[in-house]
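Below, in structure tokens: the form predicted alone, a single chain.
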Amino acid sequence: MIVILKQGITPQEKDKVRSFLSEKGFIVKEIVGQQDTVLGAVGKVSIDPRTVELMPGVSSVVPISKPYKLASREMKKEDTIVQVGKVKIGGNRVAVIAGPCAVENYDQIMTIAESVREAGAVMLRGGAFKPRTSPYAFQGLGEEGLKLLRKAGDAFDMPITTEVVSPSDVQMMAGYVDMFQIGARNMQNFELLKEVGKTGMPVLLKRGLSATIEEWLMAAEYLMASGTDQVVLCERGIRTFEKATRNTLDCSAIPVVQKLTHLPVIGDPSHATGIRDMVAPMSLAIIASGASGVIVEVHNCPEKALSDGPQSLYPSQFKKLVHDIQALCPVVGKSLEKIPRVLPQSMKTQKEEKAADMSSVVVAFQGVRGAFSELAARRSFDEDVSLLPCHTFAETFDAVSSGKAKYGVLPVENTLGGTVYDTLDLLAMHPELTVIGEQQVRVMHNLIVVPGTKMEDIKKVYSHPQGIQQCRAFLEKELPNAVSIPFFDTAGAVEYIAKLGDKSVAAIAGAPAAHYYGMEILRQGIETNASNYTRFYILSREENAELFRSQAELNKAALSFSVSDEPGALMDVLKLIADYGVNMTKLESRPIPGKPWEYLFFVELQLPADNDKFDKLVSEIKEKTTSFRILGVYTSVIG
């Protein structure tokens, strides 16, 4: 059962409810959600729900209909984010786990670990105990393999995961691994599940060869009932009549499972296909299905691998795959997980440790809760940061400038609407701020209404002017008689109709706004052009920039300058950029306040591989301009 607690419940009242349920024989877990705090109570015992409902501090009691109680969405509506060392799996991120099928020797695991870490993997996999179909096949190095895997993980700052086969090995392995892996053949080895669950450690649970989705989730329930709530599900292909591939990858299971459980789901394209050339396209299919990551086999010399060489990627293939996954992430509304995420968790001094505490970091964004700017902020920062909604662009800049917020997230360009000039103009007015990163968000508009509203009820549609324009074809076809009313913000429009509670009004905005304000999405993806993306700048004061920049490869720069009023002055600067072989990706001009007919030029450049080349270019540009400023050197996409 789910016990929903009142918002004003006292600690003493909560303890009494928890103690009462525990004494009755229930396993009790507290779940703090965005709106409610609940106690999940599961077990073999049965009591009258009214007994609990009448206790002080209890709002209501809801029975759980699914046989998998702890793993069900009924128990927890928000997605669980599993923490494995510095890595987070779930939510709006995509984690890439990679490594060899089996640990073979020191040189092999160290070479592969270095290559996958450099390419973008955040966790290292490798088998030490290998359950094989043939008793004559390589069975793994055992504990010696664990020691080598641990050395490689520590050397390249990656948490490690490996398969546990025997319940008797669990305690020994717990001293080496960061995440246990339950293989497909052991998904229903219930004694093993119970032993692993007792450790409370993260677990990667692979789907059995012929397991139904419910059987898979019941296996997760065994783990959770035994003591761990850090479970990641892994779709690795199921056994069917088809012989062309090793297994049949069931991508359709991923969105189905995500509706049934709060646990994150990833995919294993290597075991699903068994064919190297199919691993990359199936990895992309897994991400497109909504998965929170992939686990891929990589080997520096697959033809000599002791296990699963034909399905192992070469390091160069893996590097390309990570780039392709990163390009796909914005399309599915996610970002690529990296180590560490934005700010390091371990620092040299107590003062720096305090600075790295994400709960003390405030990130400002323009708009109300549920805005696309909030989505960009959440993709760029850890969940523990505090978000500060700001009504205007100027208010957001002021929050960062004054120190009220450490970072700010503001839109700078939309693929359909063009440049957001407010951001550029304010950036010119705030020389104390610098661009430290960039995030891209795919803008997917939805028709959002009060629950129960029908299309024929709608008489007015509120949204930002760009939102209305970007959905013009839908409005003209589906709501020709409805009046479109401009609003300051898309998410703000949802907040407004939520307060009205009127079924004759609707809003156009993103899905997060509908979820946040408890509204209903009547139509999804109503934008005229699906290629609708917004770029967001991440800003900070210079003293806060280095911690952020140090976590990713810098590949872009933004500059502003003005030139003298004479023929060819601008051309001289642009020619310099071309002569240095630097790619200019954006050029804008803005009038300078108080100086009629004079302009400030904004330029974005791709940083050359040679830092000296960029420094020399900047030096020469300064000589040909009347004013010059580096607005920021940063990574073009964070996450």
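In case it trips you up, residue 1 is the first one in the sequence shown, and so on. Since the structure is predicted, the reported quantities are computational estimates derived from the model, not experimental observations.
Not pictured, yet referred to below: the form predicted in complex with a small molecule.
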Query raised in the report: Among the candidate residues 130, 93, 442, 76, which is the single one with a non-hydrogen atom no more than 4.5 Å from the small molecule in the predicted complex?
Result: 130
Query - in the predicted complex, the residue from 236, 464, 262, 379 that sits within 4.5 Å of the small molecule by heavy atoms - result: 236
Query raised in the report: Is residue 297 close enough to the small molecule in the predicted complex to count, meaning some heavy atom within 4.5 Å?
Result: yes
Query raised in the report: Just to confirm, residue 151 within 4.5 Å of the small molecule in the predicted complex by heavy atoms?
Result: no
Report task. Give a yes or no for residue 101: in the predicted complex, does one of its heavy atoms lie within 4.5 Å of a heavy atom belonging to the small molecule? Result -> yes
Query - Contact label in the predicted complex: residue 163 to the small molecule, heavy atom within 4.5 Å - result: yes
Requested in this report: Go through 324-332, 115-123, 467-475, 177-185 and give me the stretch that gets within 4.5 Å of the small molecule in the predicted complex, heavy atoms only.
Outcome: 177-185
